[in-house]
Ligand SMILES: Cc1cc2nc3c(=O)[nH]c(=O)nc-3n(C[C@H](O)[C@H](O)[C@H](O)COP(=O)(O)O)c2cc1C
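Presented below, as structure tokens, is a lone chain in the form predicted on its own.
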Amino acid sequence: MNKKTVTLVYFSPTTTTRNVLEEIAKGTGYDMADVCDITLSQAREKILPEIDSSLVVFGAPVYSGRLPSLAADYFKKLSAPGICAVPVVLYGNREYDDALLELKDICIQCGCQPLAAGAFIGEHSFSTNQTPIAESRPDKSDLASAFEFGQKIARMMESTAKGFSCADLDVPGNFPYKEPTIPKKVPFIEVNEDCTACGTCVTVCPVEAVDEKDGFCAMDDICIHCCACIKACPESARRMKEGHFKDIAARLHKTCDKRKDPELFFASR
């Protein structure tokens, strides 16, 4: 393939993953072959895309040290034999634990050759004005790192095209992967009187967990706690309820206040 192209495949409820992947793609200088945004359930129900590009970048947020299961399950169905891949995860300034390793392993399962990998920081889904956690990240510095990461990837791609081979890509993580600890059916979101029933929350929910017939409340049995509906509400009428998740937010606000920078990994020659 003479013309260099890149495909992006990502799950990004609050857009942080999307923003970083787009900047990586810009850094490569490659033409965009395809963008597969699987955030909404309708997208995940479509026929699987055929990945036909020089490079594919996979991206997802980290939930409790792992990939969101619905994203991981979708990624595993894809096939991209022989295509160079870059797994990227976004985490909320705590730890990414086994998520990056999990995504790298999925890339290999899809037939890809992992060339590089990145763990970037995105504003934590539980971040609020009262308890900010990695607020406004990725910021300009993060996006500059993503762009430079893309440039480095393009240079590596040139080397492989000239006959250089890349050895295994080593990234942090353990196998078996840690067990997710996100509980289900725990009261999560409350809706106040500022709600205008605009339906924005319905359109952004990745799992259709907003009940229009019950005051636009979250259905706790299927909610994945991504907070997309909270962050997208134009009236700020949605917030975390007092209790389990709000306590977690307060704890992370105190323990994860030291800035972390992106971690980048490259396959050795």
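Please read all numbers here as calculations on a predicted model, not as lab measurements. Residue positions are given as counts along the sequence shown, with the first one as 1.
The following text describes the form predicted in complex with the ligand, which does not appear among the structures shown.
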(request) Sort through 113, 145, 125, 131 and report the residue having a heavy atom within 4.5 Å of the ligand in the predicted complex. (result) 125
(request) Go through 217, 237, 226, 204 and name the one with a heavy atom inside 4.5 Å of the ligand in the predicted complex. (result) 226
(message) How about residue 65 - does it come within 4.5 Å of the ligand in the predicted complex, if we only consider non-hydrogen atoms?
(response) yes
(message) Given that the ligand is not shown alongside this chain, does residue 92 nevertheless sit within 4.5 Å of it in the predicted complex, heavy atom to heavy atom?
(response) yes
(message) At 4.5 Å between heavy atoms, only one of the stretches 116 to 124, 73 to 81, 193 to 201, 148 to 156 reaches the ligand in the predicted complex; which one is it?
(response) 116 to 124
(request) Counting only non-hydrogen atoms and a 4.5 Å cut-off, give the residues of 16 to 31 close to the ligand in the predicted complex. (result) 16, 17
